[in-house]
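Heads up, the chain below is alone and in the form predicted alone; it's given as structure tokens.
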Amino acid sequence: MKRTPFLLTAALGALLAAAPARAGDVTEQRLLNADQEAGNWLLHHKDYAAHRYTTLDQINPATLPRLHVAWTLALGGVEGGGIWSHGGLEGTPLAEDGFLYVTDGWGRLYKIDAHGGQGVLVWMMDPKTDHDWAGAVACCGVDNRGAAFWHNLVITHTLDGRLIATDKESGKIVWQRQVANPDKGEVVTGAPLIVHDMAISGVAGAEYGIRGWIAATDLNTHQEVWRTYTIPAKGEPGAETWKDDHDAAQNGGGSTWVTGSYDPATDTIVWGVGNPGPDWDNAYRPGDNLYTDSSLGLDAKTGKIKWFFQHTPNDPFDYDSVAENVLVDAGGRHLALEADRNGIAYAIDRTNGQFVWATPFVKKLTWTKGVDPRTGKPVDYDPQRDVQVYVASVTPSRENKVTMICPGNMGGKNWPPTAYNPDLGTWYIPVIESCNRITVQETIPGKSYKPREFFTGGGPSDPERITGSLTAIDAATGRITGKAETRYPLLGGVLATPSLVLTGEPDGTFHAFDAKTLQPLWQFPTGAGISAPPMAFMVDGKEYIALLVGLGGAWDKWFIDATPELKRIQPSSMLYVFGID
């Protein structure tokens, strides 16, 4: 079923853009200094550096015994669509001056008044996302990870590929435009990143044979400024790393579905790129397959690739590198930290993409014998080979059709965001401690690819139990400084405070750990699955922690047998807000 681009209400949008700033106007300067507004949460990752760190400290080890549920608010978005039985919550709320802005899995946007120690719904914007059209190609899950502020508008994405600007006061849609095309398997699940009056959008769909991209929309004119493809066209730099004779790059994957970060000092957007397609039949796409499984540094104004670092060349494991890059200054270097699906944490120099250090952060890693300390490449990587075989006994291939890989293809770490405490110099990773079986199916040129159908070259299964951990790493050295074991994989992400680390498990348990020791200090059973990261805000002089609760994503569809107790967890869509007396 075809859809045409939505009409833009351009005149109204231009009028709002030209109007003088109103109270609460979220200017470029405020975004650049978002970390200085302790009581607000103005960017998806709290600040452009993706630290997810709050300086608020009313909630601390001494006050944790008084931490309780201050209020809850039921949201929508539980309904299913396409191949999904229900929607879930993976978003991070935004907070400004006592108001919260949250999204559900279908991209509905809710404004909530948090004054007075309770939550009151002010308005709800329903984009009327086409459930079946988008849900049929949404890998993986009915998900929306949040919103962005720009002046007096709230900017969001929808699963069916739209970018929407909503008036912050009225909740009315001001304008919208199509940025992705579900007709060919493209959907959007990430929150926008606002840089220079532009909304930066990533795309999901590598498992459907898309050609990935990152795109910038001018929020004044509503026109596209640039679109950078993560799979180079013939004649472009990197095209030589696709060495097939059947144009594999055309369906090469490289999706960009997690919100990136931004370095104002160098005007560089740093964004992660996902796996190549087909996922597991790497013989179909000989070569290193740039720029899949890479971190990219992009010129913010033009989208031009300044530098890249590739983690797993010619990836046969589905170990994409789509995770957020956390920008820190440590060890005398300007670093970008990325916790990869392949189970290895990396630090690169964010000024030039040069490798600095790498550390395995999972308990069991079998796919490589290690990382070359000079290059950052797997020691098994052979630049003379077009089809890589890492540890031969476990590498999926046409010759080794069924094999067990550790970590499993979910990670390592998946999309759930890390957090960084700049005072301690400690980086916290939500870990999936996993192994799973991969079965390879040969991909036939000209026959295997069909639009809006899976293009994976095989698939996973889960014969072993999957658990999790919260892992702490010294950002300057890459040394692991702590590991707290969890019963279930951490599918929701992390918040760091001066003294605490907060995260949730998919059985609904919400945890607080000591920031220095990772000793568990407090927990609360929410009663439903957690697959979203917590955040902190202040209103009426009090600090609160907000958390969206409702298990989403791919877990209950493809990985539930590895955590059988989670079969009891029911769909939910609830905002929890915690405070102290």
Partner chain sequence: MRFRNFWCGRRRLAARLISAFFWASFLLPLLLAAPLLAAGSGEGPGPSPAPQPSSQPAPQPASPPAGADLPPAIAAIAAIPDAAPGDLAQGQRLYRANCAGCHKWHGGGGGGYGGAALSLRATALERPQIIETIACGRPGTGMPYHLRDAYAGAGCYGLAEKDLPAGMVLEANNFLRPAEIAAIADYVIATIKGRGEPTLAECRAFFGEGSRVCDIYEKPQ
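Worth saying up front: this structure is predicted, and the values here are computed from it rather than measured. Positions refer to the first chain, counted from 1.
This protein has a second form, the form predicted together with the partner chain, left out of what is shown; the following refers to that one.
Proximity to the partner chain in the predicted bound form holds for none of Gly119, Arg487 and Asp507, with the criterion being a heavy atom within 4.5 Å.
Annotated contact segment (heavy atom within 4.5 Å of the partner chain in the predicted bound form): 434-442, selected among 111-119, 377-385, 464-472, 434-442. A heavy atom within 4.5 Å of the partner chain in the predicted bound form is found for exactly one of Gln178, Thr302, Gln354, Asn400: Gln178. With the partner omitted from this view, the residue of Gly458, Pro232, Pro360, Pro286 that lies near the partner chain in the predicted bound form is Gly458 [heavy atom within 4.5 Å]. None of the heavy atoms of Glu543 is located within 4.5 Å of the partner chain in the predicted bound form. Among residues of the shown chain, Trp280 is one whose heavy atoms approach the partner chain to within 4.5 Å in the predicted bound form. In the predicted bound form, no heavy atom of Gly171 sits within 4.5 Å of the partner chain. In the predicted bound form, the partner chain sits within 4.5 Å of a heavy atom belonging to Asp556. Contact residues in stretch 549-581 (any heavy atom within 4.5 Å of the partner chain, taken in the predicted bound form) are Asp556, Lys557, Trp558, Phe559, Ile560, Asp561, Leu566, Lys567, Ile569, Gln570, Pro571.
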